[in-house]
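Only one chain is given next, in structure tokens, and it is the form predicted alone.
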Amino acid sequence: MVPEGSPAQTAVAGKLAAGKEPAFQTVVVSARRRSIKEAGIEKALFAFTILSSILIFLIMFFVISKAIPVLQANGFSFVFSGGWDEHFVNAWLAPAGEPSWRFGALPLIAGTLYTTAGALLIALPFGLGCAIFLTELCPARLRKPLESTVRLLAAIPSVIYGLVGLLVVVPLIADQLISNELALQMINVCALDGTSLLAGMIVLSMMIVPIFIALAADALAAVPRRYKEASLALGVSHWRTIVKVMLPVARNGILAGAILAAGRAIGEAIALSMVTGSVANLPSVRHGLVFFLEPMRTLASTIIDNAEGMSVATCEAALFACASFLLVACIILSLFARLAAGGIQRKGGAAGG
């Protein structure tokens, strides 16, 4: 309590008389201004979030609505029948009064599934090993440069990977795996020139493995150190600690990384258009290992290769149908990734408690 008539009270009274506010009132005013500013920022971010959600739903509605005519005309045969190239040409050349709505996308859907599954089979073991090395086995002086290199590889444009595949992978397959006798034997089925399912799998695995390495390494780094320390204190070797303790704890994070890598693989167009042959051919397992050497095409690369058909209503609807399948597949994968991320948060909360 300031004594009445004291110098302090006199100073405060002098400030009030001069129109100057005390320090605590200035703090209160600045705090109010800061809270108003923060509330404005929160409302702006909320508005942007709502706007982004609306735009996403509008894009989904636009793509699916454009695809409905061809899906209604073909029904399930659009998914379970082939002949895309022939049907696309017929629709392109059809008279204006007699449009052709017949399309079969089975080779495109199968090609998308084959390349994605094959790329994941190549990328996941290799990427998991690299992630384990980066987080647990890599010398400290090399960790940062290698992590930067991995993230740089993930940022390289897809056309660069396509060029590497076209100039290196495709000639290597043609020279080492395709003989003249094999090419003549398959000439009535398809042309074997190196552009193939195998080339697409290799190039696509090169593209998605940096993404998976980065996400898997983050998941392993997020494992609480006390788990590892407790295992080592019990006499368990470092490698068995990684396999038996760290990998099971980071399983959901690794799974989320694999799902996101799969989403990246499904939507790839340019690189696969360059190395797979861009032919709507359905590779057959009856041909044995030649199955991997046959040309094919994916849904995404079809949209690029047949983009000139957007001027024809029937071709446009067919391409939007391909896009709608890709959109639905990516949404499903995103939901699975969210579920996996939710599992990580629940485990983290349980561990913290």
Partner chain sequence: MRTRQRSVLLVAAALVLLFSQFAFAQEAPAQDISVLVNGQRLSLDTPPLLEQGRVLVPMRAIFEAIGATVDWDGQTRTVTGRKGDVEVILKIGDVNARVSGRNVTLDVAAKVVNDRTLVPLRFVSESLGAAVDWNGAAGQVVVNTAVTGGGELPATLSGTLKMSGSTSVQPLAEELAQAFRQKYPQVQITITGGGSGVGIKDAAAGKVNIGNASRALKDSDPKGIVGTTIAKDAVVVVVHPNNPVNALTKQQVKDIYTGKITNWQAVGGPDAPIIVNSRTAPSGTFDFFTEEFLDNEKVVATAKQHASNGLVRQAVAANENAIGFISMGYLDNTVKAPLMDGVTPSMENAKNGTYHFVRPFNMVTNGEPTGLARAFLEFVLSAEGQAIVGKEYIPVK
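Residue numbers count along the first chain shown, from 1. Every value quoted in this text rests on a predicted model; they were computed, and no experiment measured them.
One more form of this protein exists, namely the form predicted in complex with the partner chain; it is left out here, but the text below deals with it.
For the options 184, 222, 160, 172, the one in contact with the partner chain in the model of the complex, meaning a heavy atom within 4.5 Å, is 184. Screening 190, 131, 108, 123 for any heavy atom within 4.5 Å of the partner chain in the model of the complex leaves a single hit, 190. At a distance threshold of 4.5 angstroms between non-hydrogen atoms, residue 74 is out of contact with the partner chain in the model of the complex. The closest non-hydrogen atom of residue 117 lies beyond 4.5 Å of the partner chain in the model of the complex.
At least one heavy atom of residue 90 is located within 4.5 Å of the partner chain in the model of the complex.
The closest heavy atom approach of residue 311 to the partner chain in the model of the complex falls within 4.5 Å. Just one listed stretch, out of 208 to 216, 123 to 131, 175 to 183, 150 to 158, contacts the partner chain in the model of the complex at the 4.5 Å heavy atom level, and that stretch is 175 to 183. In the model of the complex, 316 is the single residue of 316 to 337 with at least one heavy atom within 4.5 Å of the partner chain.
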